[in-house]
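Shown next as structure tokens: one chain only, the form predicted alone.
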């Protein structure tokens, strides 16, 4: 009899796909769940109770924009009563004094705000939302005024990497305890817009040097996490800590996933928490077992001494780049596809005039060109 897996550390609760922003690198699927498909308050509260009973420690309220839900404070309060550490992952454009106070009172533990840049003009173009940057700056200060720890999530790409020093300075000025310098990862809308977003190697090298210097300078003041684009890596990251090992993701309509992009892989059926207990899905759903552990691995992964470090890398990326979710992640230098990926990155990043963004929208609206309002 196989040993049941340890419970996940964290639940990513995608409360809604609704969002006032339209970022062209959003990790949400291209087919977005509509509001009428979302689970209601009672259903999400039941999920939180199940998560706590399983031994999950953290819940990350995400979206879309979780603040588009009027019951967010109620869900935060329920999580606190269940003993779950709660983190709000937000664009923050809907955060005002009243909601900041309500969330703090409900027991929210942490806020993570995404930023598209350091200057309102270019940042608002990426967000597809006029006035977004100023709202984010104000929301970050409201977060600190409410006594909540703040993480700044700076999503970096070819359009803003040259402002990395200003990005670090902005996060420090806002009083962030943590800064995530997160290069765009190419899933969902990010994959669709890869040619407009992928940086040059020179930009990457400059950013890496700036981050290393800032880590030393700001030691003890601000922690800086650094996520490089996989396409320039030599070894893959342990995506989500390994498939079905540390994180579980629930979509607005209740589908239970090993990661937010898992539905891009054909042939996997993802069960719903509306139909089956979360613990049962986590333990024995075929979709979770498919790439859990190491038995599924092909060579060279199977005999690699890093097989229980990176857990084979990212299955969604393997499918996107190699056409086979069970293949060695092409981000790995040992993959036969690795050279093709490096060549792709060099080719797309060398284009002087990147293509127009395809914005994340539920309805069809003419796209805007980067740099134009």
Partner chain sequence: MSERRVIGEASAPSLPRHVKLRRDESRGQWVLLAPERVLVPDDIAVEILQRLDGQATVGAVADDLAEKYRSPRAEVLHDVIEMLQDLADKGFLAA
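What you see is a predicted model; the values in this text were computed from it and never measured. Numbering follows the first chain given and starts at 1.
Not pictured, yet referred to below: the form predicted together with the partner chain.
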TODO: Would you please decide whether residue 124 lies within 4.5 angstroms of the partner chain in the predicted bound form, comparing each non-hydrogen atom pair?
DONE: no
Open item on the list: At 4.5 Å between heavy atoms, is residue 147 in contact with the partner chain in the predicted bound form?
Closed with: yes
TODO: Mark residue 205 yes when one of its heavy atoms lies within 4.5 Å of a heavy atom of the partner chain in the predicted bound form, and no otherwise.
DONE: no
Open item on the list: Can you tell me if residue 167 lies within 4.5 angstroms of the partner chain in the predicted bound form, counting non-hydrogen atoms only?
Closed with: no
TODO: Please pick, from 334, 57, 35, 68, the one residue with any non-hydrogen atom lying within 4.5 angstroms of the partner chain in the predicted bound form.
DONE: 57
- [ ] Sort through 185, 87, 118, 285 and report the residue having a heavy atom within 4.5 Å of the partner chain in the predicted bound form.
- [x] 87
Task: 110, 218 and 223 all contacting the partner chain in the predicted bound form, non-hydrogen atom within 4.5 Å - done: yes
Task: Partner-proximal stretch of 176-184, 265-273, 296-304, 134-142 relative to the partner chain in the predicted bound form, 4.5 angstroms, heavy atom - done: 176-184
